[in-house]
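Presented as structure tokens, the chain that follows is alone, the form predicted alone.
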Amino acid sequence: MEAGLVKAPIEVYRFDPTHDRAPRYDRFELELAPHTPVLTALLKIRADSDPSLTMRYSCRSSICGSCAMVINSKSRLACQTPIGPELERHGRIVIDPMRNMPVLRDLVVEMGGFWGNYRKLEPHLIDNPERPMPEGRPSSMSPEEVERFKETPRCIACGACYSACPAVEHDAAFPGPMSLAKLYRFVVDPRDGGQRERLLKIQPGGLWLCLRCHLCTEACPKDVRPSERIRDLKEMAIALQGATEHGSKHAVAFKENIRERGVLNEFKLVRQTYNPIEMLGQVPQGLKIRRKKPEITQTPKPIEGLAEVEKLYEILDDEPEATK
């Protein structure tokens, strides 16, 4: 082995739905420099060992987003992931296609659902009569107005966040982190006339399936922080029409519930979230939980230092909405 090179065991997901009964992993062992990107390793495999290996890639510079895939169980860009740290952590590199999307062949997935959910959110400016567009072009914005976009203009629509999202895995109708981050970008755009309609359209279920796991933010190669923008959208939706369904009711109730005693009163939280008829459907699950955790029906005692908790709430209540 040449000096400075390392042995890189690489296992690549292989599957052609038109011919294969089940997926398999092909193993390759290469000698590469530790700084070598995973994409370069895959291209070397295709050039030297297996020309049938199928993948997407283009710019090789973390700009186009084409080479998003799952590398050692994490959704990321192959051109942006060096092999050295992966080998140190895992001893090998296992490469899979992105999750939550059907596999077309090997590492290439069908992204129709991803783009379909994005198009449903009408990702374009809607005319705002209070901010007319001169000569058919968008009006200019101040630096302060542009700053409200946060990190969303960085998004390259690679799909890594969608691949990492457990809410998408649970319900394919969930728009996905990228779409919701793009929605935020239009909701805060002062030139857009559809802010209210956009929020009302996405509110039922669409926002509240988000689990706040932050896996999308971890996966994002451009630090867009979609989970934070989804949080902002939730706050805007509640400010617009209040807590109207289970997700928003639960969020508001959770906040006030903790404020009372500094600790969650779980039994009360159920009553705050569901009406009496809906609570009947929760009885079987509640009985299971009670057997394992009988104290759940007891009212917890206030914690010591409750006054400090109240100070935190007062600070948050006084904080300007734009900075939350």
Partner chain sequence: MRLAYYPGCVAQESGKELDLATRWVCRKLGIELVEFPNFSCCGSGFIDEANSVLNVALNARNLAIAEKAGLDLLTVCSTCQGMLTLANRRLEEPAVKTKVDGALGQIGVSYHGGTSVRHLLQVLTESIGPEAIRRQVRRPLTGLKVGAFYGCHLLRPAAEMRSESAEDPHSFEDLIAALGATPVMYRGRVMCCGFPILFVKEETANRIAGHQIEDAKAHGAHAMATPCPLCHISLDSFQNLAERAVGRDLDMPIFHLPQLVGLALGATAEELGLPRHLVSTDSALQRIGEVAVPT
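Remember, predicted model here, so these are calculated numbers, not experimental data. Residue numbers count along the first chain shown, from 1. The term rigid core refers to the most C-alpha atoms you can superpose between the two forms while keeping them within 1.5 Å.
Note that the form predicted in complex with its partner chain isn't included here; everything after this is about it.
In the model of the complex, its partner chain lies within 4.5 Å of some heavy atom of L264. Among heavy atoms of Y184, none comes within 4.5 Å of its partner chain in the model of the complex.
Mapping the unseen interface onto this chain, Y274 counts among the residues with a heavy atom inside 4.5 Å of its partner chain in the model of the complex. At a distance threshold of 4.5 angstroms between non-hydrogen atoms, R212 is in contact with its partner chain in the model of the complex. A heavy atom within 4.5 Å of its partner chain in the model of the complex is found for one listed residue only; from K201, R92, K120, R99, this is R99. Residues of 226 to 244 lying near its partner chain in the model of the complex, listed in sequence order, are E228, R231, K234, E235, I238, the criterion being any heavy atom within 4.5 Å. Once the cores line up, the CA of I63 ends up less than 2 angstroms apart between the shown form and the other one. In the core-superposed comparison between the shown form and the other one, the C-alpha atom of F149 has shifted by less than 2 angstroms.
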